[in-house]
Ligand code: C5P
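The chain below stands alone, shown as structure tokens; this is the form predicted alone.
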Amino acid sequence: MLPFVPSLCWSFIQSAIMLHRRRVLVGIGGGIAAYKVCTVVSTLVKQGAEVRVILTEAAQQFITPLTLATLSRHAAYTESDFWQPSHGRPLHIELGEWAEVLLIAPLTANLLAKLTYGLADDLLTNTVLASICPVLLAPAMNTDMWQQQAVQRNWQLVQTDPRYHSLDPGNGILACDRVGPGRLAEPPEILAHLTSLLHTSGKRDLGGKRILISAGGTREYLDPVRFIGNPATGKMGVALAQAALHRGAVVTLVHGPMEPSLLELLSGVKQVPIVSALEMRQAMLDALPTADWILMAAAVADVSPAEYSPEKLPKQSLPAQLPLVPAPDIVAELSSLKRPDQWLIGFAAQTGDIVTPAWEKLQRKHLDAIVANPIDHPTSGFGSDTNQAVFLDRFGRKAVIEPCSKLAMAHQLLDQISAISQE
């Protein structure tokens, strides 16, 4: 058992951030990328959210109200509904007050200009002005249109309004055959940002914070094709980076090898790719001076082969006993170098009793807090989409995080770190 003083011990149990019965209003602009929004709407509904959809007149040239009504399990609203006689309160008032979060995707140049200057000449823009919930803007358009000085000016100006949260368009091949910026953000990135906004109600409580995160596993190579590694995928670190970014932080992610699809979810995050523990050590030391919080979510190797062969070793030349040397203890070194105003959070992936070894690691390495999570449960551990943990801080308190999505856990961890850092 963890040797906590009973009077200092408290338990914080919070269920996963769930979309069940959360109210999401989706406004669809006129662009070919409207088809991607169907996936967003469908996923929201499958996860239990209540979804209402508004299509502009231009949007109906690309996708039908029937499609969105079928996916959302509710009638989709069009401009004709705006002008129908009201038997109660006006539709734009009802929708504006109903919504907890509003997504506008694809955001066209025309819609952007209207929002920037507070114009309201249709159902969607009137609803925006009749609401006070956070608004997530996901633009999509031709590269030349996106790069126009007027559009970029509007894009920067609209973001000065704290209600508006942004997802920059991605780069790639567009429907017009151009290659460049202008692609609508992919549905997983949109869904993650919506989930974050529902957790924070749009507050940027980490604005001004510089957060350094390590993620993924390291690889310690014996020769060009063989290495000592672990099954870490980096999903937890990516979730932490997403959550921190959505809450206004400036985020740097130092990461080992991971799937490109995960890294594509991190537009706006500075990414520093590494392979070995030595490379991660150097990258973390380089970034340490400017960081406020350091979150060590990476699964760093404990040992490395004593020798490296630049050529692939024949099978018969492999040693029966592989000589090993210790890998750098990055967390311990960061702890010895950090300033008193910096907060260093360790992670401990454990089997069996997860609390006792994590508490010992926190004390031994002089950490501010540590996250202990089991890797022998089907709902947590390497490669899973969900996780659970016990958060321990240096003051002898603990918070229990029940099984939930890794993004939900990331937000709960950030809540805990924010609380202890203000003491």
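Quantities reported herein were computed from a predicted structural model and do not represent experimental measurements. Note that residue numbering follows the sequence shown and begins at 1.
Unshown form predicted in complex with the named molecule; subsequent notes refer to it.
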property	result
Triplet 298, 328 and 347 all within 4.5 Å of the named molecule in the predicted bound form via a heavy atom	yes
Proximity to the named molecule in the predicted bound form, single hit among 79, 259, 205, 302 (heavy atom within 4.5 Å)	302
Answer range among 56-64, 358-366, 387-395, 25-33 for contact with the named molecule, defined in the predicted bound form as heavy atoms within 4.5 Å	358-366
